[in-house]
Structure formats: structure tokens, C-alpha cells
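Read the single chain below, which is given as C-alpha cells and is the form predicted on its own.
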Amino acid sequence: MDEALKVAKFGGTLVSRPEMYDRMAKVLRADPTRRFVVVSAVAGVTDSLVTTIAKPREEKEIDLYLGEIRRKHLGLLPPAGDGVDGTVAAVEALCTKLERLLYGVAYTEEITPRTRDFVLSFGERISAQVVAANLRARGIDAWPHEADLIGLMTDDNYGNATALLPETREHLAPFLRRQADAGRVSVVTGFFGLSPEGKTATFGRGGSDYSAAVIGHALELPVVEVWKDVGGFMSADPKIVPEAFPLSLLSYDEAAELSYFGAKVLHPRAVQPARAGSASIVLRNIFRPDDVGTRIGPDTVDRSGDVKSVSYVRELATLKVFASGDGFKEGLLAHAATALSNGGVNVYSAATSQTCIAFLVEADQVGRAKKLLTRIPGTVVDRVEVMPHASLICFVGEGLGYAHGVAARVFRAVAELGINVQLISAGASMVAYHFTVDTKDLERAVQAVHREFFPHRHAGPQAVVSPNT
């Protein structure tokens, strides 16, 4: 029976309004093999938890905040009956536990990574209760489960944990199979699991996609569905390129590169457990459930060398790190990369020369990154220069690393508009190239690259416009 079953993940916007539960129930009734549901927190809740623990709070502030959290979630429950009373009690119990945690943080005025992860997990914990109650009210035998309590095992890298796939298969799969055999739909919390220390560990923002893929891997299921309020991947962001069109197939690597470099459709790490189990991830639009969406799988590799999509990341900055003394200081790259990584600074790209290393980082991390780099021991660093207002553009397609002339076409198209290309990275991936431009030139550059490879889409009145725009 397992081979026929599916995991269906529903994101934060889909669990945030009462009318969306009708659509969710309709999706589950349309295909009874959708027996495992993974849910995110209600939209905005995780952000509010991050803000709340960012600085010490007075008891009155915590009380007001918890009152808002209670109202938000209880307001999403169906009318009384259908077991709602039990859900109200469960939501209240979770809010009380969260309240005690926040009081503890307020009293000690400090928070460890483990405590932070535990606090941030409450959005999903409460959401699972609300979703299951709404599905039961619509005739679906749905039961909520917290992932760390049913055996989704992780390492101890709090804040950015990785699932332990064999251990998760051993602990989680038997329980969920028994639930399915009993005819139940399991509503499982996304975003976190259980560390070897027995503590909650989160997967980082957007990690519920990853949770769904991990559960699919544990159950050896062939399909993981990610349901959203928009379509799947597109050839470009339709906000910048109105002619952008949906992509029905992508390889694992194409999806991972696009997700990492700006296409906020799927968590980049979700492809890892899917690839390990040769499973497909299918992105679906809940407003258009009959659309094919985008499928990412083991049989979707097209190494023609054609560009499939263009993505981008705004609000970056380039840090140029110069070595002290004459020439390139041996070990500077290792020292600098280690300092940034240990300090929690995400590096999108790096380029080296004889006397300088350039790192591309998020603009709001520049101050922290600069401090980390100037504190490298051994007087390795002479100075750090900041070049603000950078944006990264990534173009993706299987076989790009083997195709001739693709990069030349991109840079010629951009140069014809008088746009200066800054950092260029090629060779690290055989399916993606990326480069940076000044942020003021970003939109024109993305349009130029898209037009170069899909000219028929930009042919005036006859252009084909994406149904998702």
C-alpha cells in the first residue's frame, strides 16, 4: 500500500484563513492516497516569535503577545462540535507552555540556540492542531502529530539542522504507517525534529518543505506534493518578466540552484532526501489543482544545455578582503571563510585574485561580516572594502557546463544595455552560472537574459503569458 501513498505539504498562507481549509479538504478528498499532511506555521507567526525573543520583554508584553496568538489560532477553528473542544484545550496547553518559555527568556535575559529552536517550533505545533480540527470538521479523519515526538530525527546543528534519514526511517515510519493502515490522515508539523540530545532542532526558515521530503523518504514514497497559493517554478519572476512561463519539469540540481539563488518556490534542501529516495517533488497550485505544476524527479534531466530559468537575489553586498604584506597571504581564503561561517554569515559566492578575495553576502550582514573578517588572528587581513547595492542573477539549465557559447550570449545581452557585470561564477555547478550587477540594473538585466533565450515570448501581442501572472 505504501507505494501508492503521498505526502502533501501545505504552506503558511494556506493554513491562515478559514476558507482555505475547504480547498485543502477538497484536495485530500480528491486523492485518498494523500494520507500524510505536513504543515507550516500560520503566516506571520514564526516571524513574530523571532521578533519577540530578539530582545528582553516585560511580562505585560508577553501576556499581550500570547493573547494575540491565542485569538489568532482559536479564530481559525471550526464551530463548536466535531471534537473542537479537545483542540481548544490542546491549543491552550501549547500557548501556556510557550508562555512559560517566554517568561524564562525574559527573566534570564538570555537564550540558547536550543531554547530558541524550541520557542520557534510552537507555530507549527499549534498549526497542526488547528489544521487537523478543520479537516475533521470537513469529514476527514485527521490527527495532529508533532514531528519531534514521533521520531523525525536530526543532528544537533540547532537553527539549521539536518535530518538523520536512516534513524528517521527507523523511528517515524512505523508509527505513520500504522496511522495510515487505520485509515487516518496524519497532520505532521514541519520545520523541526528531534536532536540526539532529545531537544527540538529546526531546519531553518522555510524548512517545512524539507520536512515533507524527509517524511516521504522515511516512508519510501514516490511522490511528495508541495501545495502553494501560486504555481511552481517559472522561467523568471513574472513581476519582472511578464512573459515568464511555467516550467513543468526540472532536475534535482536545477531546482536546488534556482531555490538557493532566489526562486522562493521550494526550500533548496528539499531535493536532498527526494534524490536519496529517487522520489519526485511536485509543486501544485491550490487555486488550480488540476494544473500539472512543476515536477522535480529522477527522470527529468534534459542535458541539452538550454537555459531553463533565470532567478535573482537582491540586497547583497560585495566584501573585498585584502591580504596584509606582499601578495596573497597563504590561508586567507580558509581563515576568512571559516570566520564568516562560524559567525553565521551566508556567503553566496566568492572569487579570488593574487591580493584580494571577494565575498558576496546579504546586505544586512555586512557589519557583522566586516567585524568577523577584521578579527582574523595573525594580521592576515590588511583591510576590508565594501561595495554595496549588488544583486545576483543566476541562469540555470542541465548541461550548461558542457554547452558552448551560453555564457557569451548572456553577457553580450547584458552588455548591449550598457550594464556592467561584476563578479562572475562558473564551474562550481554544471547546471548554473551566476553573476552580479548593480541593483539599479537588476530588472533590465533579468529581462535581457530572458529575452535572449526566449525571444518568441517577447514578440508583442502574440507573446504567451503565464497563467500564474
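Everything numeric here is computed off the predicted structure, so don't read it as measured data. Superpose the two forms; the largest set of C-alphas matching within 1.5 Å is the rigid core. One rule holds for the numbers: they count along the sequence shown, beginning at 1.
Keep in mind that the form predicted together with adenosine-5'-diphosphate is missing from the display, and what follows is about it.
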TODO: Heavy atom within 4.5 Å of adenosine-5'-diphosphate in the predicted complex: which of 392, 150, 119, 236 fits that? Just give me the one.
DONE: 236
TODO: Counting non-hydrogen atoms within 4.5 angstroms of adenosine-5'-diphosphate in the predicted complex, say which of 132, 263, 360, 369 makes the cut.
DONE: 263
TODO: Sort through 352-360, 263-271, 152-160, 334-342 and report the only stretch with a non-hydrogen atom within 4.5 Å of adenosine-5'-diphosphate in the predicted complex.
DONE: 263-271
Task: adenosine-5'-diphosphate contact at residue 275 in the predicted complex, heavy atom, 4.5 Å - done: no
TODO: Decide whether residue 106 counts as a contact residue for adenosine-5'-diphosphate in the predicted complex under a heavy atom distance cut-off of 4.5 Å.
DONE: no
- [ ] Could you confirm whether residue 447 comes within 4.5 Å of adenosine-5'-diphosphate in the predicted complex, counting heavy atoms only?
- [x] no
Task: is_contact(residue 184, adenosine-5'-diphosphate) in the predicted complex, heavy atom dist at most 4.5 Å - done: no
Task: Stretch 8-23 - residues with a heavy atom within 4.5 Å of adenosine-5'-diphosphate in the predicted complex - done: 9, 11, 12, 13
Open item on the list: Superposed on the rigid core, does the Cα of residue 314 end up 2 angstroms or more away between the shown form and the other one?
Closed with: yes
- [ ] Examine residue 15 after superposing the rigid core and state whether its CA is displaced by 2 Å or more between the shown form and the other one.
- [x] no
- [ ] Answer yes if the Cα of residue 24 shifts by 2 angstroms or more between the shown form and the other one on a rigid-core superposition, and no otherwise.
- [x] no
